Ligand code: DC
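Only one chain is included here, represented as structure tokens and corresponding to the form predicted on its own.
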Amino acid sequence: MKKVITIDGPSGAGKSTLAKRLAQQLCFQYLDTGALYRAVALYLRRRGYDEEISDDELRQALQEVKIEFSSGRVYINNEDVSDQIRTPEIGHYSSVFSARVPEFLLDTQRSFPEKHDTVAEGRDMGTVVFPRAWKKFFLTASVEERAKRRFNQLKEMGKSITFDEALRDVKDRDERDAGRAIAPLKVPEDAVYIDTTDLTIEETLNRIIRHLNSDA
């Protein structure tokens, strides 16, 4: 396996933007695990399932789908769905379903660094998916700051949302992430913890680069 850098943290902590920038600067590949979960959610919603789906229905549905991530794009049964997964509805359901599908996506995620030095971001990268990663980071920020980032991100994408809706979404995700029985969100014991509330992406990136260089 190649080198793996994991970046975990709650919704709105800046993981995705930071991971993309870091991967580009290091000439690593970026593994967007959130896109994989969103693809599963899109697939299940297309089939009419919601949070009431039974365990048997979920197992059966997942036997009939192949989720892949390649060159920054995500595919459902060879269909590029990279744009369709970026809606508030699919974001909501990816969080709803995430506690019940991590094992389904485990092999897909773990196979990625077999060919590439990888920056992987998500909720359980450093604890479950890549427990022996080369370097681990955990990013967080205040709930209000994360909601502001989520609100601005969706507005830039042309989505209709209020700040209160973004705040409620972030709080709901936090509750689900911390309370799920399988792979709950927690700080890896050997991770570098960074509060990004008062930091720009550039400042956070520089902190990570300095840490990597200090251990080189």
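As the structure is a computational prediction, the values presented were derived from the model and not from experiment. Residue positions are given as counts along the sequence shown, with the first one as 1.
One more form of this protein should be noted, the form predicted in complex with this ligand, which is absent from this view; the next part is about it.
**OP:** Name the residue from Phe151, Tyr37, Tyr43, Phe69 that puts a heavy atom within 4.5 Å of this ligand in the model of the complex.
**Re:** Here the answer is residue option Tyr37.
**OP:** Check, residue by residue, if Gly122, Met125 and Asp177 all come within 4.5 Å of this ligand in the model of the complex, counting heavy atoms only.
**Re:** The answer is yes; Gly122, Met125 and Asp177 each reach this ligand.
Original post:
According to a 4.5 angstroms non-hydrogen atom cut-off, is Thr118 in contact with this ligand in the model of the complex?
Top reply: Contact with this ligand, no.
**OP:** Report yes if any heavy atom of Thr140 sits within 4.5 Å of a heavy atom of this ligand in the model of the complex; otherwise report no.
**Re:** Because no heavy atom of Thr140 falls inside 4.5 Å of this ligand in the model of the complex, the answer is no.
**OP:** Give a yes or no for Lys135: in the model of the complex, does one of its heavy atoms lie within 4.5 Å of a heavy atom belonging to this ligand?
**Re:** Looking in the model of the complex, residue contacts with this ligand do not include Lys135, since no heavy atom lies within 4.5 Å.
Original post:
For the chain shown here without its partner, which stretch in 44 to 52, 159 to 167, 26 to 34, 57 to 65 has non-hydrogen atoms within 4.5 angstroms of this ligand in the model of the complex?
Top reply: Stretch with heavy atoms near the partner: 26 to 34.
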